[in-house]
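Presented below, as structure tokens, is a lone chain in the form predicted alone.
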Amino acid sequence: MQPMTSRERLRRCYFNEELDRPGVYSRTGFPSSDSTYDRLKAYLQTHADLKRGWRGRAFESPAPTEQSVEMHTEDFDRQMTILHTPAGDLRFTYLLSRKGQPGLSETYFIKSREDAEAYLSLPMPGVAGDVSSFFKADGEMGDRGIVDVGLGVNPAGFVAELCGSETFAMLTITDRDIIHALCERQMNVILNNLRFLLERKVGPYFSMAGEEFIVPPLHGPRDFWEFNVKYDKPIADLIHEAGGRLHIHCHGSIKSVFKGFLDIGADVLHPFEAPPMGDITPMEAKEMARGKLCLEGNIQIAAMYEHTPEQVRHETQSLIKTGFNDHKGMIVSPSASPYIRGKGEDCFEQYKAMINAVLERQI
């Protein structure tokens, strides 16, 4: 088989067609302003199959909010966001690190059924704007890869973020109807936005995340089907009707709900994690996905910092042997973006070993 461009290879991954070799890709949420990752960024640009993210949800009219920040501790500032609804104000607080570390949600907009009803009183956002930047990005990408249109967090994941995991879980027991109402509203928000994009020929590669809020052990299969599958499937169906493809990002223990991703209509799933981070082996994932879904993953991101290059090379070769035995449906990728500040050089050789192990598998 003739070697493919990265653009064609990723297209075939998303459409589950025969490949010259597995794809190889890394998410790129690098620590900000960290020059230790410069060499890795350059290597990925030259040797990996590339995806460039494009914010597909940037065209919705914003909700009416106001924001303030106050000192909380010597390590954190508290940021308060007030959301004004026709039925009253809702408040969300977030702790911002003063030392360059990750932040932390403190309280959430929805704390009760009454808060949920207030949120539901909001008018639906409008959708408008100039999408020409998508076509510019796609042209600049050329044969090096594809442009991924991000649809943000899926309906149920968005609602879980409004509530926080604990309140969301409790409301699925005490007020299940209101969770359904919130999910349906957010599904329609995404569908309205998606129709706007499709009418302007944006696509065909779309992505969504958030399903991981509703996987075991926090939620069982019933919740996955009722809240993820039910409200994600119309989104996937609209994408497919337009000839597009949908990528889903979901960590966690997905073995018991893997069929749900197929029922949604996902075309690519990242990652698929074996114990201890998840509960599904590459062999099990491939057997369920074969001919239906492209697997993207799964070299645990910690391995890039904690394992030797030779270990990563062996893990990659083993993954390819299991997941690429039909010459379809495989993008080798770490489970997350490089994330440890100041440690870019520590993981460079491991990334190089992963990429080179894939490049050697040219058919």
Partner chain sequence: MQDLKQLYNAVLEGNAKAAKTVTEQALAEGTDPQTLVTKYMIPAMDEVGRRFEANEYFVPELLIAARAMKTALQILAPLLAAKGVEPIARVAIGTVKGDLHDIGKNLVSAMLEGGGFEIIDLGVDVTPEKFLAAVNEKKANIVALSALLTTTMPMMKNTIESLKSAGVRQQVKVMIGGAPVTQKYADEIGADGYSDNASSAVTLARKLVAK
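Residue numbers count along the first chain shown, from 1. Bear in mind that the values here come from a model prediction, so they are computed numbers and not experimental data.
Note that the form predicted together with the partner chain isn't included here; everything after this is about it.
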query	finding
Candidate stretches 128-136, 221-229, 150-158, 192-200 - the one whose heavy atoms come within 4.5 Å of the partner chain in the model of the complex	221-229
In the model of the complex, residue 71 touching the partner chain (heavy atom, 4.5 Å)	no
4.5 Å heavy atom contact, residue 310 to the partner chain in the model of the complex	no
In the model of the complex, residue 339 touching the partner chain (heavy atom, 4.5 Å)	yes
4.5 angstroms heavy atom contact with the partner chain in the model of the complex for residue 306	yes
Residue among 177, 143, 237, 166 with a heavy atom within 4.5 Å of the partner chain in the model of the complex	166
Residues within stretch 1-24 having a non-hydrogen atom within 4.5 Å of the partner chain in the model of the complex	none
